[in-house]
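Okay, here we've got a single chain as structure tokens, the form predicted alone, with questions on binding and movement later.
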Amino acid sequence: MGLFILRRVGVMLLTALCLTFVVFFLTNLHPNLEKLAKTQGNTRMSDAEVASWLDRNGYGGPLILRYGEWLGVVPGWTREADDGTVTGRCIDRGMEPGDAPAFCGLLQFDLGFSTVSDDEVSNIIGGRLGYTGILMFWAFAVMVPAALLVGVLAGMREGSRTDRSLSTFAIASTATPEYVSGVIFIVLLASSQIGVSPLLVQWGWLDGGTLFLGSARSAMDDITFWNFTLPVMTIALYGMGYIARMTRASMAEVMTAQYIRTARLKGVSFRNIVLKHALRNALIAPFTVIMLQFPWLLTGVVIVETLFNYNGFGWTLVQAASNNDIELLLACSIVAVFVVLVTQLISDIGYVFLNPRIRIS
């Protein structure tokens, strides 16, 4: 088992190195750097002035060298101006050049400064990830149990009316994008003109306002049932359909296995057959799908956070791309890569524990 984990970790590190280089290359294409120079300097800068600005700010060197600086395996660049002022990648504001470390990159947990907000990227990412983490937690807490319940109920009675109804619901939820279901939820549950809220006010069940809030901006300060339900429902509804379909297929296959038939012939109750014999084996395949929801939730919340004005990680990723904030965009991409690789590692390890045949082989 230890050798298996070491092998997986080695592959994960190699994959991370390749992916980070690809992301670094794409974000440091010349048009992006030229746009950054003109944004930070002057929009009417000539090509020579752009090249001079890029060289002064550490963007003019070879790509592989700058990638090594960003990783933290190559000493950071330094430049001395005509007036004697020394600047560099590792020289923070107010720091003397002699006090600056030689290496400052990803390996040293130094992600640089945002070119838009002039704040440390690690501070921005940390706060935004906290907001998205809360949203992911509640979406996951709603999505997974509901999806497993739908999938198990449908798979227990394959071909029945219950199976067809739940399968149709699962397919419909997966086929409906977040930007469609989110708008529908806002119109039906968070509008004072149409939907459910005007009827509840007319019947005296609601004292003005709306049933839910259509914006989750206030949830950044204080999460309540009224301002956080709609974004959680939007994410959970879209993700649960795929898990439910996988669970249903796995459960239907297990229920036709020979040991299940033997248990039925021995007189074991249907409830015990499902809970004690079929359920664990049926959850082996959906486990991998459930783990894949973590990276999807991290990057898939872009639409939901933008729609409900919730300034989390997805919103930050959109803003970084819109503002050509290269350092922040790099950090967001690295976080997404890290989450994908770690969840894949956990999925592989968990699959070994769930399936004894893999351990034996």
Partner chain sequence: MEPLTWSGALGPFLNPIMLAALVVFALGFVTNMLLTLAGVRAGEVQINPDHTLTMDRTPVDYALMAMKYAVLLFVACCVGYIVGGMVMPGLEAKGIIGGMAARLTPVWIALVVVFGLSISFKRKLGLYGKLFDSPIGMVGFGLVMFWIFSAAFAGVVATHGPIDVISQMRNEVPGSALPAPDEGMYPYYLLGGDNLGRDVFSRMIYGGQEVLKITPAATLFAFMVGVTLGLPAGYFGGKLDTSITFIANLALAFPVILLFFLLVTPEIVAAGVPQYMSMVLFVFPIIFFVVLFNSRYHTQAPKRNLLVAATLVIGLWAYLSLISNADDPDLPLIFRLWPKPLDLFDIQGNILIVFVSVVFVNSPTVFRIVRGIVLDIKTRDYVAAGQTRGEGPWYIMLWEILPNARGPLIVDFCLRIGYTTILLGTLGFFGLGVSPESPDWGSTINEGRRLLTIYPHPALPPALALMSLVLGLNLLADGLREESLKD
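Bear in mind the structure is a predicted one, so any value in this text is a computation, not a measurement. Numbering follows the first chain given and starts at 1.
One more form of this protein should be noted, the form predicted in complex with the partner chain, which is absent from this view; the next part is about it.
Student: If you check in the model of the complex, is Trp53 within 4.5 Å of the partner chain, heavy atoms only?
Tutor: No, Trp53 is distant from the partner.
Student: Could you confirm whether Ile125 comes within 4.5 Å of the partner chain in the model of the complex, counting heavy atoms only?
Tutor: Close contact is absent here: in the model of the complex, Ile125 is far from the partner chain, nothing within 4.5 Å, heavy atoms only.
Student: Quick one: does Tyr67 come within 4.5 Å of the partner chain in the model of the complex, counting heavy atoms only?
Tutor: No, no contact at 4.5 Å.
Student: Using a 4.5 Å heavy atom cut-off, state whether Ser191 contacts the partner chain in the model of the complex.
Tutor: Taking the distances in the model of the complex, the answer for Ser191 is yes, it comes within 4.5 Å of the partner chain.
Student: Quick check on this chain: which one of Pro101, Pro198, Pro177, Pro145 has a heavy atom within 4.5 Å of the partner chain in the model of the complex?
Tutor: None of the other options qualify; the answer is Pro177.
Student: Using a 4.5 Å cut on heavy atoms, which of Ile184, Leu206, Val73, Leu275 is close to the partner chain in the model of the complex?
Tutor: When the partner chain is considered in the model of the complex, the option within 4.5 Å is Ile184.
Student: Taking Leu149, Ala263 and Phe287 together, does each of them reach the partner chain in the model of the complex with some heavy atom inside 4.5 Å?
Tutor: No residue of the spot touches the partner chain in the model of the complex.
Student: In terms of non-hydrogen atoms within 4.5 angstroms, which of the given stretches 161 to 169, 251 to 259, 113 to 121, 137 to 145 touches the partner chain in the model of the complex?
Tutor: Partner-contacting stretch among the options: 161 to 169.
Student: Taking the partner chain as it sits in the model of the complex, which residues of 107 to 138 have a non-hydrogen atom within 4.5 Å of it? Please list them.
Tutor: Contacting residues: none.
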